Every structure is written in structure tokens, then in C-alpha cells.
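Before any questions on binding or motion, here is one chain by itself as C-alpha cells, the form predicted on its own.
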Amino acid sequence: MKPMAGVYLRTILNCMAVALVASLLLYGCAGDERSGKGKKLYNHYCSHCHGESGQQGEGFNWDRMPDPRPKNLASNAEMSTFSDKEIFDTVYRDMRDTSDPKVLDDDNYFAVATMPTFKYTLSEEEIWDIVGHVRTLHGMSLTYDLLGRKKELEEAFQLAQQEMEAAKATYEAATEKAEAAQAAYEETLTDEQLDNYEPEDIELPEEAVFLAVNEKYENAKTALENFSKRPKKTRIARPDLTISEDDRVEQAKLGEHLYTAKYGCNGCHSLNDIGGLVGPALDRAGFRLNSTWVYQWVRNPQAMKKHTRMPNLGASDADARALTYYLDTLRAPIPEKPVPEPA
């Protein structure tokens, strides 16, 4: 080998080594930062039920929770049987009625109402940070391809945007053509005919296509935004909660069902000294809480109090109304020994 060729090769190898070390350091820093964020989020939103180290019975709320109680997140034997994605889906899901046999028989759904969703509270990336921290509690590490997931969302958004722009152009061209044809037709009418003329609404198949494609685009845009940003904390408008007394009774019954079977409120709140200690006891909610406030709180608690531990459960308008009517019925007498607030 010629001397200059040897020097050139060593220079290349040295540069590759420096690049590799820099990459490892950068990855390590990013991993440490992600782990730190995951631990902080876990301690704020999860540790009161799951315990700081993931051990059963450790969290201050654990003893007060109904069965099935939280899993032992520190158990490698149990937790290693779940993939990263399965743990993620437990935290990032829509709340469903767990009294429905179809929900209970769905192997792909975590049908435990007292485990809340954080889909509408945290970003997807933050939830992955929590999953990464949970993995450390039983001696494992996150292997899910987060960069690949972000790239997948970006590509889906770009494709949806291209489809939307093409459909929009086609729709606008069809609209322009139809309007020109209508204008040309109107030119053929006499003044007397124009006086009695009412143009028909133009219905174009291109409009239906555009609306469908635009919805796909908006969903892809929201999915990409929700990867790194928390869902928007939109203030909920004041509802009109006026209904007949008979309807109120029926809605309150539905709300009582939703309270335990779908949203698992009893996991964090107590009634008659039974239930969780994370949130306040609700025995006297009908006396203490304004119904309009209750509805707005249930729909989006973060819009009312930014750092509350209560997540946005994705409750629909109908469900939030039913829960509001139910909570208004809770009017127990003042207890002799009030349940103390958690430390």
C-alpha cells in the first residue's frame, strides 16, 4: 500500500470512529432525556396506583382500588410477556363499556375501566416515554421503533395532503364548470322567467369525494400533531342541561352505570368510603359542585386545571351529560369523620 493511501485510509477510519462515538453519545443523551421524562410523567400520573417502583401495594391508592388491581410492573416474568405496543395500547385507547361481553371478549382491548386512558391528555411520544420507564421497572428497555413511527405518520400526512389538494382542485374545477353552465342557462331565460326562477342547488359527486379525502387529511394531520404535541386544551362551551324530570332520572341511571363500567371513576373517587383516594370523595357532589362545571370538567379537565392528575377520558357529550346528572343525585349527609385528602 502506498504511504498516502495508508494515511487516507487511517483518516477515513478515524472520522468513522469519531462519528460513531458522537452518535452513541447523542443516542445516550436522548435516551437519558427520554427516560427522565418518562419517569417524571409516570410519577405524576401513574405512581399513586402502580407505585413508584411498580410494586403492588406500594401506591397510596392501591388498597382502595376495586379488583382487578394494577399489575406488578416490577415483575419481569409477567411484564416480559407483553410487547411495547401492547403496553402502549393499554394507556392509549378509547374507554369502552366493560359490561359489554363483546368488549370483554376483545383480546386486543384492555377491558379494565379503572385504568384510565391518556390518549386525550398526553402526546403519543410522552406515552412512549412512560412505556420506556415502565420497561426499566422490570429490567427491560424500550425497543419500539419511535423514529420509524414518526416517519410513518409524516408519510401518511404527506400522502393525504397530496390527495386532498388533488381532490380540491378537481372539485373546484367541477364547481366552476357547473356554475358556468348554470349562468349560460340563465342567459337564455326571459325577464319574466327570471322573476320566477329559483336556481337548484348544485350537487356534484366531486364534492363528496373531496369531503371524504379532506377528512382523511385532517385525521392524518391530527395524528402527526398528536405524536409530539398534547391534544389541545379547548375550553368546553356551557351546556344547556335542562331536561324533563323523567329524562333526568333515566340519564342519572345511565350515568351511574358509566361511572363504574366505562370510565372507572371509582378507581380514583370514593362513595360511602369505598373507592379511590386520588380525587375527592363524591358523596356530596350534588351539593358541592355546579352541574355546568361538572360537565365541562368531565369533557376536558386540563382546560380547567392544567396539571390535574385526572386525565381527559374522551367522554362524549352524551356520556358527560349522563355523568353530570348522576353526580347531581349524590347528596349524602355531612359525614362525622370526613375522608382525609391524600398527602
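Numbers follow the displayed sequence, beginning with 1. Since we're looking at a predicted model, the values are computed, not measured.
This next part talks about the form predicted together with heme C, which is not shown.
Listed stretches are 170 to 178, 258 to 266, 193 to 201, 229 to 237; the contact stretch with heme C in the predicted bound form is 258 to 266, by a heavy atom cutoff of 4.5 Å. Residue 82 is the only one of 109, 144, 82, 157 with a heavy atom lying within 4.5 Å of heme C in the predicted bound form.
Using a 4.5 Å cut-off to heme C in the predicted bound form, not one of 120, 149 and 224 places a heavy atom inside that distance. When contacts are judged by a 4.5 Å heavy atom cut-off, residue 310 counts as touching heme C in the predicted bound form.
Although the partner is absent here, residue 289 lies within 4.5 Å of heme C in the predicted bound form, judged by heavy atoms. Interface residue remark: residue 96 is not counted as part of the site for heme C in the predicted bound form, having no heavy atom within 4.5 Å. Using a 4.5 Å cutoff between non-hydrogen atoms, residue 40 does not count as a contact of heme C in the predicted bound form. Along 151 to 190, no residue reaches a heavy atom to within 4.5 Å of heme C in the predicted bound form.
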